[in-house]
Each structure stands twice: as structure tokens, then as C-alpha cells.
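Starting off, we have a lone chain in the form predicted alone, written out as C-alpha cells.
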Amino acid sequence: MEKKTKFIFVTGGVLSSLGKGVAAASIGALMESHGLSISMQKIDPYLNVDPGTMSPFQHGEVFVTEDGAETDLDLGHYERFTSIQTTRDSNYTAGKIYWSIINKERRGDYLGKTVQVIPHVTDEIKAAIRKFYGKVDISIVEIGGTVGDIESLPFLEAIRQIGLEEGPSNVVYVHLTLVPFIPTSGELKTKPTQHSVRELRAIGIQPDFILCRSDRDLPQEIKAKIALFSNVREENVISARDVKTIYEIPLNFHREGLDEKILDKLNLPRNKPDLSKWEDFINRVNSLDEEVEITMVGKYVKLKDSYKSLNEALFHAGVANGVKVKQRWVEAEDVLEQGPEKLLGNSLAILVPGGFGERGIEGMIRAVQFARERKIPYFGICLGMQVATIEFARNVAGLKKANSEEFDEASPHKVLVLLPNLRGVYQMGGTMRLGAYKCQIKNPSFAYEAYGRNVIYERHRHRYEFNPEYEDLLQEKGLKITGLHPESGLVEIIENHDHPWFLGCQFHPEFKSTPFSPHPLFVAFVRAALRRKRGEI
């Protein structure tokens, strides 16, 4: 029998980057703690079909789902906070919506009607939002952007209509705003929140709950003032104070009673929530004393959101090892200009993450060489594996002009190439490997020691592959290929066993790390850094 799915819509006001994604994920975690099944979606108002072609400096990380969709980084929060596995239906953009509508119009699906924002665009948005209808108890939908942005209007209109269609006991509107503290006057200011809620109400949406982001808990008189001017019950004005770690937020919302109040509004039973795993995790975080530093050599270090999942995976691995992970960011180009000794000389461990394009590549290669020669634990992810392959080919195998076809088409030794379509690997006509693929791990290896099993599935986002013509030569010189995609034989993991811990993987393990299931490769890498700090390696 089909479930009667209820909806929670999360909107944001005043300014962007307030943390709607983490707030939505925290609500999802609380609903699951009450034994309810959920789905989560991010609806973005920008006109790109997906964020795959957007600069990391513009949009931050591109999160890849198991089924190979390039999506918004907030989907990473959803997977880290809840038990769900997101899909391509978990992220819609205005571009994706309009693309569908234009294709329908060209096919004649609208039978000659004038295609308009209302009802055609809003109907398409509602159909996207209802993708999980009947499959879960609650569908949580985050609307990207900020209330007042012109591009958000069709999406807000669509969720207004859903509220009317589903009825008041089946829909909850949660609005996240900013309540800034002004040091010169020593006051918390509610006016930005008042204006934001007024804007939302002007388009027909009355929020049921207001989450007030601030650097401190809100006094009751401030909550009362916001409630009065926003037409919201005083107990439904919720403090969303800054925290040391985002994983405290579900517990903070629970202390404010947000989960039980949402359940009451949706006429759902209040089961006793099980939040023990969250409490245990925060207790472990708060008990961390020792610190270990990881040096990150990347291309997009000026915007930390470019490596959001990576940062979280290192944090999870640190907690698993009983240490705080401190990250030291190094711009790849600076390594080439200033030299690795100056920038990397005191490194306990070096990580080179993913990326696209030629900028910074030679600096990354110098960083890999430094880590290999100085026996510093090294972890290369996607591009980090590829530069490790180039470095080994040049400096160990003697192929001095070795390179990737991506960076030098004239190289006489293209150790990384754009391979033709392979059955079971690339979609017809596609050049990018996206989503989860099987990997067979050899034993003994650093990878097998970390995973403890021979078969894994990890997510990919890349075009260029290890050139199979160089496998035998590089292995003869000491490079270990310890992970392969069994159907195609494509190289997934390389290692250097003349080293305490040196591993490069073609996939992105960070996408599957959670606080309650830290990724084994990150756990092993942080452990290697810790052993180096203690003088054990």
C-alpha cells in the first residue's frame, strides 16, 4: 500500500550560506531517529542543468551520487547525516526543469498551448518534488537561494501550491534566517528576520518554524519579538546557534523540541527518538586532545567548500583515530614557485585531491616526489593518483617527458589517456566515468589492509585513465597496481610498497564517508600520519 508522504520545505532568508543544507540534514536525522523513513532533495534556482560544468570557486564541491549524477554539495550533508542514499532525483535545478519543459514543447506535448511559468513551470517543479511520493513517510525539500531572489519565485510558488493541495497537516514550512549580534550596540537584531519573513509571506507562504542562525542562544524576549512580527508561535522560533562541529546541530534542535513540534504539526506519532549515536560521537569529539596535521596540496584551496566532503572525511577519520585533524592548505602553484622543502618540509602526511585542468600540475608532481623520496605518507585522490603516476614514470621509470594526454598531447609517454568507450564503463558517447564502479583489490596491499575485503564499490568523476600500455613497465620498476575494475581492467588503485604508506586511487572515497562509518582509506591515512608524528615510521 502506498504511503501518505508528508512534506517539510526548508527555505532561507537574509543571505546565502547560512547552512540550509545542514539544517535540512539535521531535521532528516531527527525524523529518522523517530523511526520514520525520509527522502531528501535540493532544488536549485540556477539555470545550469547541473553543477558539473561550474567552477569550484563559484559553486564549491560537486557531489557525485551512487548512480552517477553530478549534484549540489548539500547532498553530501544529506548522506552524512542520514541513512539515505541520494540519486539523480535528489537534485533539480531551474536548468533541468526548463530543459524538460522545452523538450516537451518541441515534441508538441502541450498541444499548442501557450507555455507559461504558471502552470507549466510550477507543475514541472511539483512533479520533481513528488518523485518520492508514496515511498517514504516524509519528503524533506531544501529550496536553494534566498527568499527575495527573482529566480527563486517559481520554486516558492510551487511549494506554496503543494501546501494548498496537500493540506495544512501534511506540509511544514521551515525558514532559516540570520539574527546578527551588533558589537557596537551590544544587541541582537531581529529586523533582517522580520523582512525575510515578510517577503516569504508576501508570496503566500507562512512559515511554521523559524530557525534563527546566530553566534549565541536567543533570549526569550528576542524569540517573542520575532514571533510577534512573523505571525509564528513563540515556541516555534528556534535557536540555531553556531557550533564547534556541525554534528552537534541535530542534538541542539532536539533540545529546542523542533522534532516533536514538527511531528505534532504533521499529525505523526511521537516515538521516543534514539539519538545515542549522535551523543556518543559528540562525546568522542569533545574528548580529543592530540592533534595531527595533514598537508593538502590542491588547486582550489582559496575556497574550502571546494573540498567539502574531503574535509569531513578527514574529520571522521581523525575521530576514529582519537585525534583532531588539522589541515594545512598549500596552493599547488606555490610548490613549484617556492619549492617543496619550504612549503612541505615539516609535513606529517601529504594529500593531493581531485581537480581538472593543467594549472598547478607541476607543483603537485613536485609534492608527490617530495612525499615519495622523504617517505612521507601520501594519499592521492583522482587527479592525485594521476600525478603520482606521472611522477613515478618520470623519476623512477626514466620516462622523463611522461605526462597525461590532458596536459600534454605531444608527450611521447602518455601514461594517462582518454580511452575510447568501454562497455560497462562509459555511457554511449560519454567521456566521463561517473558514479559507483566495482573494484577488485589485491592482497597484500595498503588498500586491502584498510578495507579488509577484496571487492569494493566507489564513486568516480574523471575522464582520463591509466594507460594500459604502461602497466607492465611501471610495475617492473616498482609501482604496484593493487585495484582494478574487473570488467574493463582499468586501474583503480596504485601503491608504492617501498614506502610506509603511499596510495593513489582513481575514485573519490570521500563521498562515502560518514561520522558513523568513516572511510577506511582515510582512517588508514590519518593513522599513518599519526604513526609518523610518534616516530613509529
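The first residue of the sequence shown is number 1, and the count goes up from there. Just so it is clear, the model here is predicted, and its values are computed rather than measured.
Another form exists, predicted in complex with a small molecule; not displayed. Remarks below refer to it.
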Does at least one non-hydrogen atom of His508 fall within 4.5 angstroms of the small molecule in the predicted complex? yes
Indicate whether the small molecule has at least one heavy atom within 4.5 Å of a heavy atom of Gly354 in the predicted complex. yes
In the predicted complex, Glu406 touching the small molecule (heavy atom, 4.5 Å): yes
Is Phe370 close to the small molecule in the predicted complex, meaning a heavy atom pair under 4.5 Å apart or at it? no
Which is the contacting stretch out of 122 to 130, 436 to 444, 159 to 167, 378 to 386, given heavy atoms within 4.5 Å of the small molecule in the predicted complex? 378 to 386
One residue of Lys225, Arg461, Lys96, Arg394 in contact with the small molecule, assessed in the predicted complex (non-hydrogen atom, 4.5 angstroms): Arg461
